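What follows is a single chain, given as structure tokens, in the form predicted on its own.
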């Protein structure tokens, strides 16, 4: 009988299942040279007798070492120490070997500049403008729909295919948009948040040969998606009512002359980001007419349509789109939480097919369990009940922030602000440097956004406006946060 010097003490020193303790002891014996490369080991029966254990335990230990590359099994011959041990093949490279790769350089064909923005959620007083109060979300209720999705899954939907989204969710979103936003005869594509939608549209519609027009102040992540396609992003002047149609018309002429015609207009017509104003009906019609005349598509980003307080919000531009040029997109991030990563687009059939085809390059399948749970949540009516609750609370918080800002206006700290009809934030003009105020706020555990962050042309800043989100904070934290913000000595 071949003998290995494995003691009961060495086995006892290893905390875990016995077969792992034996494999660990065998590995140590090999490392210490008790057995050499290619040397035969005791049979499972022999080693089991030596260690007074079950043969199957030894076989499990041997199989573990085979998987790790320490031993080999030869049919009808037994177990042998491997000829090329992991301890040898894993030796660190010599200096001469490592220096071979020191001159290697990555050849990036595209680069993305980091934003270097602080994580807003890490601050105690997070006044980020589009942040919902996640603590309001009915997690316990939603869990029941998640459980249903796993308890009664649609097995065919769990396989590859159908990259446009989970069919029942598409049906629920389509029904919801028809009832609440007058959107009909459109194909729904579910995306991994609205950012994925913007990226896909950028890759399909934009190139260095054309350009995209956007509001002078807007959503920087959208611009970054457009720029990733090599396109130029053109800033269109806006006033207290939003994008100015005459400025758009002039920019279209200029870009044709420059050889980079505008092919897409990106808009946030409801609760404009960041100023919160709603684009009036006459301007919507004027911009739509201009787009039609020049064969330009409009991306309508309706990111927080649900939260409107004074009256019913204006219907999306996509609801009155006789020429079929409006691309409508929205998200569940403001309704649920950003981590849900569910957005959607409402498109004409031709574009929907192109989007789906491109999306298949990114992903072979959508996240069915989450989409299934949301579909069940919507079908049960719980989705809209939660919306009504959240809208009521956000309305109260908007009014509370309004009262607080009036007090700071009376103290000549706040110069002016407009009470928005809806949305999740307020656009506030202060009597000091907005940039300095935001920077000082970080040191007081406060996160706010300031004007320059939303400008395509940073040189256009007046350095007087900040954006204050109210939806994600309780009234108590709104009061304390504003007090710390405006009374900070180093502002």
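Residue numbers count along the first chain shown, from 1. Every value quoted in this text rests on a predicted model; they were computed, and no experiment measured them.
One more form of this protein exists, namely the form predicted in complex with a small molecule; it is left out here, but the text below deals with it.
Undergrad: Which of 252 to 260, 224 to 232, 187 to 195, 68 to 76 has heavy atoms within 4.5 Å of the small molecule in the model of the complex?
TA: Among the candidates, contact is made by 187 to 195.
Undergrad: Can you confirm whether 268, 273 and 301, the three residues that make up this candidate site, all sit within 4.5 Å of the small molecule in the model of the complex, judged by heavy atoms?
TA: Verified in the model of the complex; spot residues all in contact, yes.
Undergrad: Verify the contact flag for residue 334: yes if a non-hydrogen atom of it lies within 4.5 Å of a non-hydrogen atom of the small molecule in the model of the complex, no if not.
TA: Although the small molecule is absent here, residue 334 would touch it in the model of the complex, with heavy atoms inside 4.5 Å.
Undergrad: Evaluate residue 341 for contact with the small molecule in the model of the complex, applying a 4.5 angstroms cut-off between non-hydrogen atoms, and reply yes or no.
TA: Within the cut-off, so yes.
Undergrad: Is it the case that residue 400, even though its partner is missing from this view, gets within 4.5 Å of the small molecule in the model of the complex, heavy atoms only?
TA: Outside the cut-off, so no.
Undergrad: Would residue 219 show up as a contact with the small molecule in the model of the complex if we use heavy atoms at 4.5 Å?
TA: Answer yes; at least one heavy atom of residue 219 falls within 4.5 Å of the small molecule in the model of the complex.
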